[in-house]
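Coming up is one lone chain in structure tokens, specifically the form predicted on its own.
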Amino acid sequence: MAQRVGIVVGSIVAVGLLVLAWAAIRPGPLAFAGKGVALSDYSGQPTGVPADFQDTERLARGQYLTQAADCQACHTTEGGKPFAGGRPFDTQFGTMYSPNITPDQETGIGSWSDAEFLKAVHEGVGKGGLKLYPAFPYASYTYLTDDDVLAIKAYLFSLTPEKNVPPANALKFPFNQRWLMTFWAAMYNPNTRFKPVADHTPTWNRGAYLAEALGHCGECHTPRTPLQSLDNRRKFAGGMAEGWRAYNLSSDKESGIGTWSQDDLVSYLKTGHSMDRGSAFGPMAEAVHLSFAKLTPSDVSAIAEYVRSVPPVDTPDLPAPKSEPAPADPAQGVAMDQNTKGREFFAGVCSGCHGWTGANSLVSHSTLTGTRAVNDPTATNVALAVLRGSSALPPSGDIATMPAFGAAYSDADIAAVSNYVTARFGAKGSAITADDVRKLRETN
């Protein structure tokens, strides 16, 4: 009898461990594409700078890679010196602040050796053995080659040192215990360099290196497990970034980018806008402005080729975007007595640029038809766009920036116009509340 009980208990424990392992461990970012080969065994050259980057000067190449890695966005606070750190990131675990990565000897990384910098980028271990939180995406940067990491370091060390001590992190217990990151890194950081997939083209592999290692797209666009690792079983199915929804980038035709052409995606990455697909706001607009817009045409094209190859994964709450324009007559489309406050707000503030149809031939970048945010029933990004505008994308040509309206209007006003916009121009109306908007105001 005791033996049977022992067998049953042992079986339960074994099954429990298997379930825990399945829940905790996820495949790598390129698992969908097949087995990789050593970089030395591959005939192409997916790492470093691309062939159409003409500057051979070492620091220029390091600057290019730094821009591709989008380092400035996280390590610069609003109104602060680039790379001097201090930008706050509010999370469910508390607030973290980015460190100073200028070459200041006392408050930056000026005293770091090559080996220390490599260990931080590849393993998440800073100078003196300090365990780094994975808000610094070392689980993605680990795929960078040593040469590329050291080129980035050389560029950072060429900058003017800035003396700046960012505020201390304010994390809840037990997340303020850095030693726990030892176990997180052991489970979720592969600590391995990029391996090209020989069955794919050199351009595809270059795009994979840019998107997964340098650009770390999955850090925002892939859902996370309960332990905050990337859930690559649902690769690119969407996530959150500083309160904004980072939408589905898989090839799913309804909730992802399965209907986007190569040109659609290239235009979006290079300019922050693609006609009938939408415009970049929030962290994505920053990524366009500080990173993608500065890449060579071949690199932007390679990213688009790679991203469009990711298998479809659906995001259940996102319907296929409505592509037809709304009626030109304000009295049609949304009932006159439905959401009167939202309609009046749109009439007085929004219709001049966006038009009642959602398609403006004079300001093409204000087109609302077909955009994912307007077709998101949570209206999260619509409300944030109204609150904060699009200041991360500077005016260029016919790209007009959207002003921020958060200071001028109440939470109830912004909720009302957000619900009106999704009802008039989207496939499914939203029901965002004033309290929801209040919480969005409080996010970074």
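When you see a residue number, it is the position in the sequence shown, counting from 1. In this text, the rigid core denotes the largest set of C-alpha atoms whose superposition between the two forms falls within 1.5 Å. Bear in mind that the values here come from a model prediction, so they are computed numbers and not experimental data.
Heads up, the form predicted in complex with heme C (HEC) isn't pictured, but that's what we're talking about next.
Distance criterion of 4.5 Å from any heavy atom to heme C (HEC) in the predicted bound form singles out Arg245 from the list Arg245, Lys235, Arg343, Arg206. Interface residue among Val121, Leu230, Ala151, Ala326, judged by heavy atoms within 4.5 Å of heme C (HEC) in the predicted bound form: Val121. Contact annotation: Lys131 falls within 4.5 Å of heme C (HEC) in the predicted bound form, judged by heavy atom distances. Although the partner is absent from this view, Leu159 stays clear of heme C (HEC) in the predicted bound form, with no non-hydrogen atom inside 4.5 angstroms.
Contact annotation: Ser98 falls within 4.5 Å of heme C (HEC) in the predicted bound form, judged by heavy atom distances. When heme C (HEC) is considered in the predicted bound form, Gly86 lies well away from it, no heavy atom lying within 4.5 Å. Screening 333 to 341, 194 to 202, 274 to 282, 309 to 317 for residues having heavy atoms within 4.5 Å of heme C (HEC) in the predicted bound form returns a single hit, 274 to 282. Contacts between 244 to 276 and heme C (HEC), taken as any heavy atom within 4.5 Å in the predicted bound form, involve Trp244, Arg245, Ala246, Tyr247, Leu249, Ile257, Trp260, Leu265, Tyr268, Leu269, His273. For Gln92, a C-alpha deviation below 2 angstroms is recorded between the shown form and the other one after rigid-core alignment. Residue displacement note: Leu362 has its CA displaced by at least 2 Å between the shown form and the other one (rigid core superposed).
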